[in-house]
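Single chain ahead, written as structure tokens, the form predicted on its own.
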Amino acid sequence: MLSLFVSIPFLSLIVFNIPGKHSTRLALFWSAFLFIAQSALALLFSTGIINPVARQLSRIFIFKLSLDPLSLLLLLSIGVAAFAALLAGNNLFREKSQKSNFINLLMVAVIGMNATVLAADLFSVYIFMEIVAVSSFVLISIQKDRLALEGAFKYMVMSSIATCLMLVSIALIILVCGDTDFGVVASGLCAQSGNPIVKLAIGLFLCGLFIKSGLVPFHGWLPDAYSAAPSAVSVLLAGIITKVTGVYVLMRLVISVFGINPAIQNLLMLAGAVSIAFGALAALTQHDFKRMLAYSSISQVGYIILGLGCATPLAIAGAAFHFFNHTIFKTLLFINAAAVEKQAGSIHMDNLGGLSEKMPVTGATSVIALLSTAGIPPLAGFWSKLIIIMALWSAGNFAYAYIAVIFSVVTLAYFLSMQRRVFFGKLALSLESVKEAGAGITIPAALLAGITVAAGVGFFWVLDKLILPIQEILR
């Protein structure tokens, strides 16, 4: 059953590329259906409406797969973000060949991400992360312009460094434990926790994942990759790819394999707090819409890592919920940035203004996304930040709780500045002819805004069905 999350998109990819005449429309329709089906299936499993595969083990080829509540939340997030990116890409890419290439690469990325969240051994995780990374390099540079190639090159270099660190770590772990299976490695590392080789292996793997996550001080590649990539690619990259290959794997390994000790806790909370502060302050100084969103991503990922470092069951649940929320509101914001770039011809915020008059759907959904990001009730982002702050406070991490609150205010400040410069105020004469973006952009934007509102208003149902079960992976 679990193998279907990987095998069906893989077989679809093969069928799409059989030589002969194929319809891009058919590929688009089938891809959209798969992503919707994946999201629906993950939601049904999570809510218990159907539950035949809870903690089921499966295999595809030689890879061992497993499922738990955290994996289900990730499958839901991947399906939603990929669907939104697919619709945006269909609207934004003009050439048929580019649309076809985008759909193929998107499907490859989804195969890699699905397999990453289901994989149950370190080497499989590494392989599938690299599949996602390679597809990301090509996606960023798909239009072959200079800035995109530069962004892809920086991403490739930093990702290669992370790859080397993780491979050396895996080699050391095999030396100590004799296997890469999560359970075997967890037992082996626990039994030899004082071994310097074990400490080195964990440190190297964590460093590699910090690079993949774009955490400070390994964040240098992220703003360039996010802002230089084609808009539809930015939606996918910022919405889900970086978080799966970096943040999710970090969460999974710290919780299920490496174990949580005071040294790892302190490292994670420090990295999270520094990323929160640096990302928020850097976002305040930006004039480019997409670069501001990129630095905002660094800050919001910091909240997830801060919750992970706190390591109480409540904090882990809050971190997982903020992961989901960040996927939704960041995907939405990048879709809106794509809409502005397409319709107004610029994402330099000082050249914009008053666009809500011409683009009411984009302006309204942007307000919803920014308020959720800043943690304003009753939207979903408020609840996940509240859970993280409550967990930090109850665990005695008062300084970190204050940092989380203070920089939520800073987040609101830079997003209000963005909204004023882009959507509010007087409409510039050069923008008089601007119209609302097409349905391929406004429909996913409205859908994501609806999810943000629904997850906030229906928080207690979401908490009970999707979030609290994640605490079980700590037992």
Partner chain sequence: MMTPELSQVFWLYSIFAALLFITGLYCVLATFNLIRVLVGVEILIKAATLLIIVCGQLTGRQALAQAIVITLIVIEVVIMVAAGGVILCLYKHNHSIDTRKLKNLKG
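Bear in mind the structure is a predicted one, so any value in this text is a computation, not a measurement. Residue numbers count along the first chain shown, from 1.
Keep in mind that the form predicted together with its partner chain is missing from the display, and what follows is about it.
Think of it this way: in the model of the complex, its partner chain has a heavy atom of just one of L172, A282, V361, V274 within 4.5 Å, and the residue is L172. Though its partner chain is absent from this view, in the model of the complex it lies within 4.5 Å of a heavy atom of just one residue from A395, V405, L147, C190, which is L147.
Taking the partner from the other structure, its partner chain in the model of the complex has a heavy atom within 4.5 Å of a heavy atom of D179.
At a distance threshold of 4.5 angstroms between non-hydrogen atoms, F93 is out of contact with its partner chain in the model of the complex. Under a 4.5 angstroms non-hydrogen atom cutoff, its partner chain in the model of the complex lacks G345 among its neighbouring residues. Interface membership of S141, defined by any non-hydrogen atom within 4.5 Å of its partner chain in the model of the complex, is confirmed. Contact with its partner chain in the model of the complex, defined as any heavy atom within 4.5 Å, is confined among 264-272, 128-136, 307-315, 336-344 to 128-136. Against its partner chain in the model of the complex, the set F153, M156 and S160 is in full contact: each member has a heavy atom within 4.5 Å. Although its partner chain is not shown here, in the model of the complex the stretch 208-237 places heavy atoms of G220, D224 within 4.5 Å of it, in sequence order.
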